[in-house]
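Encoded as structure tokens, the following chain is the form predicted on its own, with no partner shown.
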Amino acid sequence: MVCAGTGCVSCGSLQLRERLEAELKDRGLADEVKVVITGCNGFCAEGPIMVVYPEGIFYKKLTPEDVPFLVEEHFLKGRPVQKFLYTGPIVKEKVPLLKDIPFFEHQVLRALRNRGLIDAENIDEYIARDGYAALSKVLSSMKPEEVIQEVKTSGLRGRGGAGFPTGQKWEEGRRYDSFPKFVICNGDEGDPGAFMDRSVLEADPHSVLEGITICGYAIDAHQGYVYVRAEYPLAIHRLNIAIEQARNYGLLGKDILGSGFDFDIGIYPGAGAFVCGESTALMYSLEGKRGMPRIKPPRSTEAGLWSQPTVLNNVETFANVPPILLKGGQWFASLGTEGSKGTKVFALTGTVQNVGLIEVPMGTTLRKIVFDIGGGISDKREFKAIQIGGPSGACLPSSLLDLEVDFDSLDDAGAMMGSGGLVAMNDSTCMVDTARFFTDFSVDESCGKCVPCRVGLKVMLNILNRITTGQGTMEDIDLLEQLGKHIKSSSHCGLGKSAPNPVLSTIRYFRNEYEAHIKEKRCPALVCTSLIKFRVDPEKCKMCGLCKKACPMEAITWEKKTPAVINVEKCIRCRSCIQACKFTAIE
């Protein structure tokens, strides 16, 4: 199994596959060894990845040049190739089997149940793993109301951000008698650092199509749409293939499986506006209008796409539906917490050792995610914070590492689940600058429809810019909190209401950094260049010369056994020296 998700493809996995097939053919092994390209395996930090079954031997960071030796040793001599096996921050010895690697060992797969196990472009491989069995069961033996009740029993909540109960939304959609009705899958995923939905669409598109179709049957709709970012060409390519295959097999279109139920699905590539991740803005965009949210009520289940009853869920939510209907709602509800059932997919990025796509039971602690699965913080730095929920999420400190990740716990901590982005930060991160970065993003992506978001966020950004350049006052902190609370309470849409979260959470948990910027005109993390002196502390300098090697302007003079000196006239304040210095000798 050769990973062919976007991450591994960008590292050359398709060339690896071609070389592997050619080598196996040359060695006379083409009839004995089948090479399958899969979607995202999840362990993005180690790509390109290959897993050999039935043993499940995991090989990492392969290149086409490695293939001849690999084939000789593994497929001809029958022994795992030690040099390509996994070692990591938690286990120093070679780990041959995928299931024993800590990154995979602590995960529980529901939405990602077919991850790395099937060819996403072959419907037969999906069917071989119970694909479309749930749809067959639903159409042959269940009434729409029974389908909705099973989803309600599961406790499945929307995985796109708000966490609205899925079964309740479907029930509301069925209640209205206005036709036609529509089902929409939100695959827009505009959060920086997020790739959950993209990976599911690339690896297992049929699971999403099956979930959408089941929803259509439940609410009496006959047309569905997948709204997916145009920047996801591989996901769109595999979706198109999957839809065509499903139609050819009678699993989409007229009279599905001879049941008399008609349903079809179309793809709509979005143009990349972050606000179109909001449900009503997405529907306006799908109608060909400018993507701008509208005030509710009426809810989309009453008047959504073209003012008709519409149910919208995200990719991960629909991917969970088939196993729920096949195995029962109680099976799904057996995992998770009281108010948050099942599992959650996260894109774990930032300064962790093991960057990748993970799925864990609701209620898993941040500590387990960051250290047991993520392998801890890279470059021997200290953990400082984790940003959860995308640009509208919050930054949580190390004191909350034992927080259980579920909808209610995160809400109590002033955070939100969001679609599942997790960005770990080390002690070289400035939390004020982080809040400024996400606020700048929200300002750029605001649709501008309502004053609190359009004007309020801009005012917040101006204040943050003042603070990070040493011009802030203590009153600015109170003003940021007041503005943030006002924007949360008065913006039209969920994106505007959550946009102040990065600022409010950093003030709540890292107020001392704001005060250092204002009172001491100092950035403790040495990020805000206006507040850095760019001088070498001779007492801390180890006289190693790393800063001189890193400086692109030759602004540092250094000789052996002599502390380095920065020429401030040549210095362009690029921070290369700070990043290179391992002894925090530059201030």
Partner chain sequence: MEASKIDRIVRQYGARESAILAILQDIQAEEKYLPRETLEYVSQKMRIPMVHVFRIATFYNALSLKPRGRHKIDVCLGTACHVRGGDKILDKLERDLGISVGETTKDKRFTLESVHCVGCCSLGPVAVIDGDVHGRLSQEKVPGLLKDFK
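Numbering follows the first chain given and starts at 1. These figures come from a predicted structure and were not determined experimentally.
The following text describes the form predicted together with its partner chain, which does not appear among the structures shown.
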{"property": "Which of 344-352, 123-131, 405-413, 363-371 lines the interface with its partner chain in the predicted complex (heavy atom within 4.5 Å)", "result": "344-352"}
{"property": "Sole residue of 243, 447, 101, 504 within 4.5 Å of its partner chain in the predicted complex, by heavy atom", "result": "447"}
{"property": "Heavy atom within 4.5 Å of its partner chain in the predicted complex - the one residue of 260, 288, 78, 266 that qualifies", "result": "288"}
{"property": "Every residue of 7, 193 and 292 near its partner chain in the predicted complex, heavy atom within 4.5 Å", "result": "yes"}
{"property": "Proximity of residue 553 to its partner chain in the predicted complex, heavy atoms at 4.5 Å", "result": "yes"}
{"property": "Contact flag, residue 50 vs its partner chain in the predicted complex, heavy atom cut 4.5 Å", "result": "no"}
{"property": "Contact flag, residue 479 vs its partner chain in the predicted complex, heavy atom cut 4.5 Å", "result": "no"}
{"property": "Interface membership of residue 179, its partner chain in the predicted complex, 4.5 Å heavy atom rule", "result": "no"}
{"property": "Stretch 40-72 - residues with a heavy atom within 4.5 Å of its partner chain in the predicted complex", "result": "44, 45, 46, 47, 61"}
